[in-house]
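Next up: a single chain in structure tokens, the form predicted on its own.
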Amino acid sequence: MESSHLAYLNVKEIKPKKTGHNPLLNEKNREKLTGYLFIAPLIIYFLVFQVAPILMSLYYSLTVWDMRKSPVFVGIQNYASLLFDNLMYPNFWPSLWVTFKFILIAMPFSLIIPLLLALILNRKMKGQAFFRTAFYIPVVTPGVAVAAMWKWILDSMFGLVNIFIKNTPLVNVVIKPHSWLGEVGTALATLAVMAVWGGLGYNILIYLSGLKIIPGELYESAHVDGASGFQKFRYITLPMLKPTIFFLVITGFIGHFQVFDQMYLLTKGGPNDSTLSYVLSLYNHAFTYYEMGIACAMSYILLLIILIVTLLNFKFVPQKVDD
């Protein structure tokens, strides 16, 4: 009896004690907590370096602030002055018009030339990988290096373009040597050519991605029906590329609206403000004239313009493949 009683006491002693339920020890909650900890740096970065500057710039757009003194709240006066006071801000509307002209020149070529090159590179050919890499190099090249290269190529005295024109009789009859970046008639178009060249590789890559997902059976069926190469392109390739083209139109408009590098590095908005883009004018107000309130207001006007253009693209540019 004693031995059995002792065994009973020992069992009672080693029996685990009950503890209160802790939700943090739950496996599901631990997984959630681990996930939140992993994404915490990104959330902190987004809040500190994205959301906070957006809200601060919105406030500063309603103030007069030269970054030396405390901002003075003036409401929507900055917006009204930019839109209606041409004497105080004479470059607002001209810079916006320059940006629209730049888009009208660059956008068609930014869509058509990469498409033609993508169609060529999508075929089996020797050196395919080399050409794809070569076209993409400008995308990853620093803007300062690209600007220096183009400045040398377009130099009015020793540039390769003018040397080629001078030494090619057939070309010399049609085109004369120019100061391509120094004349009002050619400066903006020259910068547009540079922008098309700089974005060529990216657009080709996007087009190639779109071409790869087109089913080969469609081309085989069209070939059996006797369709020509142009008919295949018109009735198969273009309709199937509608989502890709829509994406490039949206991103192209947004990118060209924010054009800045070429103008700032090569022309500073000249000659005679013919290349003064909207963002370059915004930069001048912020860091040359120290009108940070005006610059912030211009940034929100630009946001509104881009939003309107994007909504118009969503309405009028085909987005889906026809059923």
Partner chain sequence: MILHKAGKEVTYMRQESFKKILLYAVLILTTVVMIGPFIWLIFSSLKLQQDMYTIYPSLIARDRATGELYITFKNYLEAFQILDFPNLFKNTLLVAIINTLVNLFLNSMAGYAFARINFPGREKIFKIMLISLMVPGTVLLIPNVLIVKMLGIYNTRAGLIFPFVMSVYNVFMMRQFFFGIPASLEEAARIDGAGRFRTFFEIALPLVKPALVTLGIFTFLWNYNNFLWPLVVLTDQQKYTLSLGLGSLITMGSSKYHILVASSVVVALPLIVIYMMFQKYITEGIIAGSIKG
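We call the rigid core whatever largest set of C-alpha positions still superposes within 1.5 Å between the two forms. Positions refer to the first chain, counted from 1. Since the structure is predicted, the reported quantities are computational estimates derived from the model, not experimental observations.
Another form, the form predicted together with its partner chain, is not on view; read the next lines as being about it.
With a cut-off of 4.5 Å between heavy atoms, is F287 one of the residues that contacts its partner chain in the predicted complex? Yes, contact at 4.5 Å.
Give a yes or no for C296: in the predicted complex, does one of its heavy atoms lie within 4.5 Å of a heavy atom belonging to its partner chain? Contact check for C296: yes, within 4.5 Å of its partner chain in the predicted complex.
Answer for I213 alone: is it within 4.5 Å of its partner chain in the predicted complex, judged on heavy atom distances? It does: once its partner chain is placed as it appears in the predicted complex, I213 has a heavy atom within 4.5 Å of it.
Is there a heavy atom of N26 no more than 4.5 Å from a heavy atom of its partner chain in the predicted complex? Judged by the heavy-atom cut-off of 4.5 Å, N26 is well away from its partner chain in the predicted complex.
With the distance limit set at 4.5 angstroms and only heavy atoms considered, check whether V48, F130 and Y136 all reach its partner chain in the predicted complex. Yes, all three are in contact.
May I ask you to choose, among Y235, Y219, W93, W197, the residue with a heavy atom within 4.5 Å of its partner chain in the predicted complex? When its partner chain is considered in the predicted complex, the option within 4.5 Å is W197.
Which of the residues spanning 128-163 lie within 4.5 Å of its partner chain in the predicted complex, based on heavy atoms? Result: A129, F130, F131, R132, T133, A134, F135, Y136, I137, P138, V139, V140, T141, P142, G143, V144, A145, A148, M149, K151, W152, I153, M157, F158, L160, I163.
Cα of A189 displaced 2 Å or more between this form and the one not shown, core superposed? No, the C-alpha position differs by under 2 Å between this form and the one not shown.
Does superposing the core leave A118 with a CA shift of 2 Å or more between this form and the one not shown? Result for A118: no, shift under 2 Å.
Taking the rigid core as the reference frame, is the Cα of F46 displaced by 2 Å or more between this form and the one not shown? It does shift by 2 Å or more.
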